[in-house]
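Here you get one chain, nothing else, as structure tokens; it is the form predicted alone.
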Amino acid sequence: MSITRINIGPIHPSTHGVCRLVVDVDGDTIVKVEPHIGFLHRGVEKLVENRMYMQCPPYMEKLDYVAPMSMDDLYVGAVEAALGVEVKERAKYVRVILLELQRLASHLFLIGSVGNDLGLMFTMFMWAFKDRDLILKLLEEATGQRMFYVNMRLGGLVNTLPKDFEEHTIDTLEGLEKRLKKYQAFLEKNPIFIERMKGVGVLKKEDAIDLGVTGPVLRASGVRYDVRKNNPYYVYRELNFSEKVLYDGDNLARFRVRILEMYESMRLIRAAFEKMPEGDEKGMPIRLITPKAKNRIVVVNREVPRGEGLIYMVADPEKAYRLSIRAPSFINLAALEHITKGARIADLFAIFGSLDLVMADVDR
């Protein structure tokens, strides 16, 4: 065996300047991949420990800049658990609607990027990002911001939904659902796409469990675990949420699981609009909050687009004494060495892309 060491990144189109991979190859076969991280580290966990509770959501949203509202919700949920704040009934439905719209935007980002990661096509990128823009416009309509929303408040949200928001959302989803089927046909009838994805980067069920991966990466390997089902929050139980599971564990399965999740997200949004009660979804104004922690230690988890996001927090009266985040991208990146072993060097970024990593989520 003759081992050659290749340095890929951080200045590389597929690592976006924030990840370095040291790859050992024997010919064109990968022997070992060692990720080097830390290029985007900002110390968010420490920043949170030095600021009052509701000063921190803007920091949390920067952890996942592709799905910022999900991280905002995760953090505010932990603060609500610490302070004993109940979420208003209508706000639970509105949060589900907004979070599932955020999931759609996140998965569309992956669908658009997959062709570029394979070196195949720019067409898919443009199509998916056009639809992603329509979702972002809905989120902007609901929150007032296009990218970083900071729309969660204790017990509810900052803004009430606009008058015509339901109508605009349903119309957008109808168009997206039709085009999503075309995207599937366009990609899965492409023999090069199938060859680069099917049977590549296989992660077996037992290995997925041992490595601790979560989200679509875990469910594509045949493990039925989704926080929305296994530890339901808000109104997911009332909306009869159904997790999406496939069993091949390869790049193609990870891609298809996210497609299936998009159909489920659209169903959940429609169901939430149908069942949403009248009332007020606005949360507590920050200026009126006098935090008094009722629970000293809280553990809160959510199903964010990249997997299970979890916060462990030791609460003080005004701010977190200690906060630790189990970030899904960090755990899934740790599995890269196992998944890529024995693969071809040409397939490295197809596998890397299938994990759907956000490096700010890794470098907390």
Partner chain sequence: MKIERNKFADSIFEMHEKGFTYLVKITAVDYQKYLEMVYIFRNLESIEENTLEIDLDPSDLWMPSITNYYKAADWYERELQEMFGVEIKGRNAKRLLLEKWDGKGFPLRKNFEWNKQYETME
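None of these values were measured; they are calculated from a predicted model. Positions refer to the first chain, counted from 1.
Another form, the form predicted together with the partner chain, is not on view; read the next lines as being about it.
Remark: G155 does not count among the residues lining the partner chain in the model of the complex, judged by a heavy atom distance of 4.5 Å or less. Residue contact check for D171: none of its heavy atoms lie within 4.5 Å of the partner chain in the model of the complex.
Using a 4.5 angstroms threshold between heavy atoms, S265 stays clear of the partner chain in the model of the complex.
A residue is said to contact a partner when one of its heavy atoms sits within 4.5 Å of a partner heavy atom; R326 meets this definition for the partner chain in the model of the complex. Checked against the partner chain in the model of the complex, the residues F148, Y233, F109, Y225 give one hit for a heavy atom within 4.5 Å, which is Y225. The stretch that touches the partner chain in the model of the complex, counting heavy atoms within 4.5 Å, is 211 to 219, out of 75 to 83, 97 to 105, 268 to 276, 211 to 219. In the model of the complex, the partner chain lies within 4.5 angstroms of at least one heavy atom of each of the following residues of 27 to 43: E34, P35, H36, I37, G38, F39, H41, in sequence order.
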